[in-house]
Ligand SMILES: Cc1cc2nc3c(=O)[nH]c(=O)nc-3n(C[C@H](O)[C@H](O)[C@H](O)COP(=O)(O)OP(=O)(O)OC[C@H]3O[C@@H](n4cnc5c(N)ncnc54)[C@H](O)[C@@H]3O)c2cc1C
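The chain below stands alone and is given as structure tokens, in the form predicted on its own.
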């Protein structure tokens, strides 16, 4: 394959990670972003480097998550050297807290199932309180000391800047309106002021990927899933760890003293707004874990549209029926975690025709024979 020039549609963390690894391989890259770099889901993320459910089954997704986690520490160091941007890699560890006997039983089962990996351990109520004195009365919990976090916005910016320093072209405020095609080959994209051509085009447009696919008659079943979040100004006696509660809610203490609280999971199309109901649910979840947060000051709130897929696996690889076109999307709540490994694997595949971890389980053609899995209706406001 040995791509020499590539257009990446989308300047989120996935698109920028692909650009980073492609430019490292000597490929000429152009990133086209309709808004600002990291302006959508990437900038809205809490940057937790873990599967938020912690119970990902053995298989391709778990392997991908583990590979992604292994890349982040060295990537953070490299990006600081290359760009002077500190992505705020924080070795905070994660505590999954059981507030009821039923939750405690479920977490005991989880620890036993994950025991061969040795990545988590059960801690009783007393030990849990020593780890986090502000916690509510709990039955115990699961401690995963090797799961960490970054500043998602800084990570995206650093990947973009490092790519540009190595020769990539970055164009913000440029919307892709269509594609340049020759028979069954995609050879570029159409933008407002003309067309751009390249040997390969990669769709990394997050929640807007499906709309791009429809321009070519291809079903890429990525749909927006809204996540609402808020931040507390929690400067006194800050939490030491990321806390996970029921329904995959979390509290993530950041290096600047703020505490991120997230997040809802809502199938509401392209409505990127917060709601009183959603924010109230976050406040309740936070207070159930740390009672003193019931009185904490809300510094800000926001929402993002995460790209989900029908089977909760990312969609990676060649787009069926179109030579010269590939996709990297559908990472849902794992985009920050999986960005480095996605970028590395996509770069390997585009330059060498193979990758160190097979993309086969994530290829978009897995949906070709299952059209009923695609989103049932066209969401409103899918402007590219």
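No experiment lies behind these values; they were computed from the predicted model shown. Residue numbers count along the first chain shown, from 1.
The form predicted in complex with the named molecule exists for this protein as well; it is not shown, and the discussion that follows is about that form.
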Given 101-109, 303-311, 130-138, 285-293, the stretch touching the named molecule in the model of the complex at heavy atoms within 4.5 Å is 303-311
Checked 317, 68, 335, 324 for heavy atoms within 4.5 Å of the named molecule in the model of the complex; positive is 335
Partner-free chain; cross-checking the named molecule in the model of the complex, the single residue of 212, 202, 97, 160 with a heavy atom within 4.5 Å is 212
Does residue 346 reach the named molecule in the model of the complex if we count a contact as any heavy atom within 4.5 Å? no
Checklist entry - Does the named molecule get within 4.5 angstroms of any non-hydrogen atom of residue 221 in the model of the complex? => result no
*Does the named molecule get within 4.5 angstroms of any non-hydrogen atom of residue 47 in the model of the complex?*
yes
Any non-hydrogen atom of residue 356 within 4.5 angstroms of the named molecule in the model of the complex | no
| field | the named molecule in the model of the complex reached by all of 93, 243 and 279, non-hydrogen atom within 4.5 Å | value | no
When the named molecule is considered in the model of the complex, the residues of 176-202 having a heavy atom within 4.5 Å of it are 176
